[in-house]
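Just the one chain here, laid out as C-alpha cells, in the form predicted on its own.
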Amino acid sequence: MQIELKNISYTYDGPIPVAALHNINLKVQTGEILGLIGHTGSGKSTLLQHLNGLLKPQEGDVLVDGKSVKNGEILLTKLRFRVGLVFQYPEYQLFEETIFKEVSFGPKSMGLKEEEIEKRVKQSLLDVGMGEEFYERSPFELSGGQKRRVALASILAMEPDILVLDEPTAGLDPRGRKEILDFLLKWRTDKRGIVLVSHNMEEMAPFAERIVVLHQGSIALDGTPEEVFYHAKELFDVGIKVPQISLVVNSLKTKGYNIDAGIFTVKEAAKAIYDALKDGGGRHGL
C-alpha cells in the first residue's frame, strides 16, 4: 500500500484563518517505519489526518495506490480501516463496558462475522500482552500503560496496512515506552507500515528508518536518521531538541575533526572518536 500526498495545503477557518500545511509532497508506504517530527504547531496532526481521510484536502490530492481521495475514487470508510490512526492519549477515548467490547468495536463496524470478530479481538489483545483475564474487565480500571495497550489493540483488530501513531509513548514510564516500541518493531512487516509522531528524539533516532521534519507547515527535511541528524544545528534552530550526542558530534565536525556529523548514538560516537584518534584526530587532532 502506498499513500501519496500531492501538493497538499490546508487552512483552518476562523476569525483568524490558520494555515496548517503548505504544499506538502510526501509518500508513505508499507514496509517502512517513518518518523514524523516537528515542534507544536508545525502541522503534524493535520498531516496525519490526511493519511486516513479524516481531513479531505482543500488543495492538492491524496492518492491511495494511485486512487484519488479528492475525486472519490476510494471510499473513506475503507481507507480508515486500512490506515489505523491512534491519537495522542488514546486511553481518554475508551468508552465500552469491557475490554473485549472495546476492542470489538472496530471489527464490528467493518461488518465482519462474529467468529472473525472474536478471533481478531483475542489475537490483538494477545499481541499487546493482554490475556483472557482482561476480557471482562472495565478498561477504566486499568493503569495508564494498560489503557494505552487496549486502545492500540482496538486499532490492530481492524488489521490495518499502515499504523499511524501520534505520540504513542507520551506520559509512559521507561518500561512502558520500551514495551510499546518493541511491539511496534515486531508488528511491522513488508506488508505493514508505521508512521510515528514523537517529540522524543532520543527515542525516534534508533527506531525510525526514515524521518520527516515539519516546520511551519512545510517539510524541512526528509531522509534517513543519519541524513537528518547531520543537520543537528538546523534542527535545533527550528525548535527541535536533538540527541545531545548529535550536537557534540556536529561541534567536533565544524571544528575540523574527521568525524561523521550524522552520528546520533553514544556507541557510534565513541567508535568515531576512537577512529579519529587512530588517524591522528583529523585536521586539528583530538
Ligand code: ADP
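Start at 1 and count along the sequence shown; that's the residue number. In this text the structure is predicted, and so the values were computed from the model without any measurement.
The following text describes the form predicted in complex with this ligand, which does not appear among the structures shown.
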| item | value |
| --- | --- |
| Contact segment among 229-237, 26-34, 41-49, 63-71, judged by heavy atoms lying within 4.5 Å of this ligand in the predicted complex | 41-49 |
| Interface membership of residue 18, this ligand in the predicted complex, 4.5 Å heavy atom rule | yes |
| In the predicted complex: members of 146-184 within 4.5 Å of this ligand, any heavy atom | none |
